[in-house]
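Let's start with one chain on its own, the form predicted on its own, as structure tokens.
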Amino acid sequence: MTPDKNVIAAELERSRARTALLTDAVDDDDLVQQHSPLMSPLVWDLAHVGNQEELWLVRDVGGREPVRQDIDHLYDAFKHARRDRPALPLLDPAEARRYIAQVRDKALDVLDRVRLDERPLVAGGFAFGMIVQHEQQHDETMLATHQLRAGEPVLTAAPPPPGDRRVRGEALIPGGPFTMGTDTDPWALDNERPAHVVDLPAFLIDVAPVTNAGYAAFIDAGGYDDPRWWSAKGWAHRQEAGLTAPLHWFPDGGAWLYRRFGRVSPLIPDEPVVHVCFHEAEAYAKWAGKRLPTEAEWEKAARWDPETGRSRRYPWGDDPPGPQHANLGQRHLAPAPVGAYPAGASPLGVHQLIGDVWEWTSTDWHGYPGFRVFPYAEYSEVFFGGDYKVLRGGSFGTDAAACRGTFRNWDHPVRRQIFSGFRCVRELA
């Protein structure tokens, strides 16, 4: 279903409200500080989302004069590594807020005047949807920066709903073909296209992500000290980085504590484990006698409907996510315990495929057969073939606008600052 202009405007404003929440929560000193060399200062992200909006909506779609062409190079993510951005002559917080407000006024005027059928870039509101998703992606990045910052807590949210201990074990995904990717979702990005048929053998998949309790068992069994469970690259990284537990875990006697957004508390056993890298996920899976799913296996478990044989937009159907379906959009500041969203399960009984934690897959980052760049190579294509693994499903920090059954994320296999977890699969005996 193609969004109308009122829906598009509302999505733009909803994204901006989240950006404001994340940046207004701290003072100017916090905004300009770099909280980790892996992350930009929050003030860079703030102005960057405005600069992308200016480039695509004001200048390209609208054909308007530039607002601040002089700052384009400062907010080009390909020209400056994150670790180098604090040294740039960035807009200060007040200037950044004025700039993004000015750009937004112009973008909304463009939206009011443009025809959404006049060229491919705006068909179905695509360019506007691309900017909504871009801002929401940076909001999730800023949320990860908040997790890395030191100091008193500044973010609050209600706790997620309780889980259901009956949700455990594996689900059988029958063998056969299914349609992967999409040709019809109006806001799907180029790497989600085109739709294509993939034929898979039957497999078993965990009905829920691996939990803190499950992962702690791996640690207690000496999983970090036994190279049998690790790939050569993974073991080398484990040794070099000194990994002994997920990021933000701290030993406390015979138990583990977890620091989340400035608050320290005991681990919640049935909460999906988060802040593990690909190598840690892969080692756990081998220790458990399983493996990580391929991207195609993950998507079939998430989208394939055995009754109709078609692929849904989400595990529960084609309707957009509601609060009963998935933990998305920073509504809670933690993954929900396993079984918290029965309404969001797939037809074959697989839970929490959308939201909670990004799930590592074993697939390298590449384009689908027939991939075509649209509208620019720097979103997807320039990363193909690099040292990246695909993640699926979104996290509690991912917005619904930037998450669906076809949405694809990717990152280096050593990254742990992202809200990443995993689940396992195994072949039938």
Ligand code: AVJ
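Numbering starts at 1 and runs along the sequence shown. All figures in this text were calculated on a predicted structure; none of them were measured in a lab.
There is another form of this protein, the form predicted together with the ligand, and it is not shown here; the text below is about that form.
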Flag this candidate site as yes only if W187, K300 and R404 all have a heavy atom within 4.5 Å of the ligand in the model of the complex; otherwise mark no.
no
is_contact(Q137, the ligand) in the model of the complex, heavy atom dist at most 4.5 Å:
yes
Answer yes if any heavy atom of N409 is within 4.5 Å of a heavy atom of the ligand in the model of the complex; otherwise answer no.
yes
Within 4.5 Å, heavy atoms only: does H48 come near the ligand in the model of the complex?
yes
Does Y379 reach the ligand in the model of the complex, with heavy atoms at most 4.5 Å apart?
yes
Go through 118-126, 137-145, 348-356, 242-250 and give me the stretch that gets within 4.5 Å of the ligand in the model of the complex, heavy atoms only.
137-145
